[in-house]
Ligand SMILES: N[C@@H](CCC(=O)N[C@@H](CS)C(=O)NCC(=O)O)C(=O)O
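Shown next as C-alpha cells: one chain only, the form predicted alone.
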C-alpha cells in the first residue's frame, strides 16, 4: 500500500489519548492502513513539525492520505467509524448515542484530571499544591464510585467509545497512580476492567514509558 492510501499517526506510548486511538484502530481492523511516527511533546520546547499539522501541538494527530490533519482523539474515532463496516464505536442516534457520549466524557474527563495531577506531582515538592491534589483525588474517587454503580451496564451494553475510554482511564490510573488502589471496595468495576484488559486490542497496546 503506498503512502497515498495510508494514514499517519503522530504517536507516543505514554499518551493515554494515543492509546485510545490505537486500541480503536486495532478493534476496527485499521492498523494495517496506518503508520505511526514517534512524536515527543511536552515540556517547554514546541514540536514545530507537529505544529505544522496541528497548531495545538498535541497528540494524537492523524494525517489522512490527502494531507488533511484530524485531531483530537474523539474526532479521530469519529473518522474511524467511517472507515469500516462493522459495529460503530459511536452510535449514530438515540439514547445509545447519549449514553456512549456521556461515558466518553467521563473517561476523558478522568484522563484530563490525571494529567493535571501528574503535572503537579512533577513539580518540586515545596511548590506542589496540596489543595489541588486533594481536589483531583476527590474527583477521581467520585468517578470510580459512579462507575462501580454502572459496572453491570458497562457489560450489558454494546462495547463502544464509552467503555474504551473508561478502560483507558482506569489503565492510566494503574500506570501512573498505582498507590491509589482504586479497586479496593469497587469489586464490580474491577471485574469489568479485567474483561476490558483481556481484549486482544487492549493487550496489544499497553501503556509504556517509551518504545
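Residue numbers count along the first chain shown, from 1. Treat the numbers as computed from the prediction; the structure is a model and nothing was measured.
Just so you know, the form predicted together with this ligand exists too; it's not on screen, but the next bit is about it.
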Between the options 135, 90, 115, 99, which residue brings a heavy atom to within 4.5 Å of this ligand in the predicted bound form?
115
Ok, 41, 143, 28, 63: which has a heavy atom sitting within 4.5 Å of this ligand in the predicted bound form?
41
Looking at the partner-bound form in the predicted bound form, is residue 58 within 4.5 Å of this ligand by any heavy atom?
yes
Against this ligand in the predicted bound form, would residue 17 count as a contact residue? Criterion: heavy atoms within 4.5 Å.
yes
In the predicted bound form, is there a heavy atom of this ligand that lies within 4.5 Å of any heavy atom of residue 78, even though the partner is absent here?
no
Indicate whether this ligand has at least one heavy atom within 4.5 Å of a heavy atom of residue 72 in the predicted bound form.
yes
If we take heavy atoms and a 4.5 Å cut-off, which stretch out of 144-152, 41-49, 28-36, 178-186 is in contact with this ligand in the predicted bound form?
41-49
